[in-house]
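Have a look below at one chain only, the form predicted on its own, in structure tokens format.
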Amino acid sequence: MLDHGGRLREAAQRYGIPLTDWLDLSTGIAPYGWPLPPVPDSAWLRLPELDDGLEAAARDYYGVPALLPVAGSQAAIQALPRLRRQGRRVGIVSPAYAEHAEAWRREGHQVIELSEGAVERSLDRLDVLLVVNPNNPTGRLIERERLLDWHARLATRDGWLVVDEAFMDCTPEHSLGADSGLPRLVVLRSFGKFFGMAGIRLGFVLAEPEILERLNELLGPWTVSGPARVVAKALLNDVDGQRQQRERLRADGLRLALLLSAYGLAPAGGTALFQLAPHQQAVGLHGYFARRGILLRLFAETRCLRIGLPGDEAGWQRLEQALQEMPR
């Protein structure tokens, strides 16, 4: 299993700090949401049915003609490589969410990790190009026009462009969702990050019907639970709640960037949900914060810390105090 943020129980055991005493800033998931709708007994007692309005609500939210709900975008990440014959050349713009490369390698494909600048030189030799946009962990956004140009070049040779938009909800104007009906374009969206509900395990694949049908057949029936469908449908229809969430996350993302900059951890990039701070002593600082019960995400190879949002004012004050007392 690859390393990810959010392993709070492991950190609690390692540092001898009770689970309830931690401030977890390691995941890049919204630390707040809004009141959830009641879940009727029928959602627990019956198998999920597809005519409950979830797909329609999601199509409206993402602005797409067709999509497939899945049990978290991770389910699609692991399944998509099985839709291409083994041995395809897969370029991944790196650094990126590590599960993508692992999934394609596991299914017998040749993975080539590329810098963004190297894509132009390599594109005509690739069968699949995978981009995380905004990037995780750097926050870098690649322009829609550039992505669509890459897609057009790939599509002429039956190549795919796969775009993971897990952190796109606060910048929907940059999404390729509206273009996802184009042949051989696949867009992945995560529900849990923006809505603050990672535990619901829900994501959506936006693509042409032929790809969605093959993926649906591969994953099988009832991939999303009945209670998850009820809750997600309500939140996807709540336009006012989405607007408030987006505004709050944008404001808190800016607040975090300014706070880190004030104490010598100026971000090199980020999104509304996290900031990426490079530091020569990133490993040591990760341990310093952990000993204070504040869990950050460490990228040791690049000497960076990814820092998510506190969920309340007490969390903000706790983070600032730790920054004030940080070893220089």
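Quick note: we count residues from 1 along the sequence shown, nothing fancier. Treat the numbers as computed from the prediction; the structure is a model and nothing was measured.
Keep in mind the form predicted together with a small molecule is missing from the figure; the text below concerns it.
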Should the three residues Gly72, Asn136 and Ser190 be counted as contacting the small molecule in the predicted complex, with contact defined as a heavy atom within 4.5 Å for each? yes
Note which of Tyr97, Phe195, Trp160, Trp150 lies within 4.5 Å of the small molecule in the predicted complex, where distance is taken over heavy atoms; exactly one does. Tyr97
Exactly one of Leu80, Val186, Leu130, Ala166 has a non-hydrogen atom within 4.5 Å of the small molecule in the predicted complex; which residue is it? Ala166
Close approach of Arg201 to the small molecule in the predicted complex, 4.5 Å, heavy atom: yes
Note: the small molecule not shown here; in the predicted complex, the stretch from 225-233, 106-114, 209-217, 166-174 having heavy atoms within 4.5 Å of it is 166-174
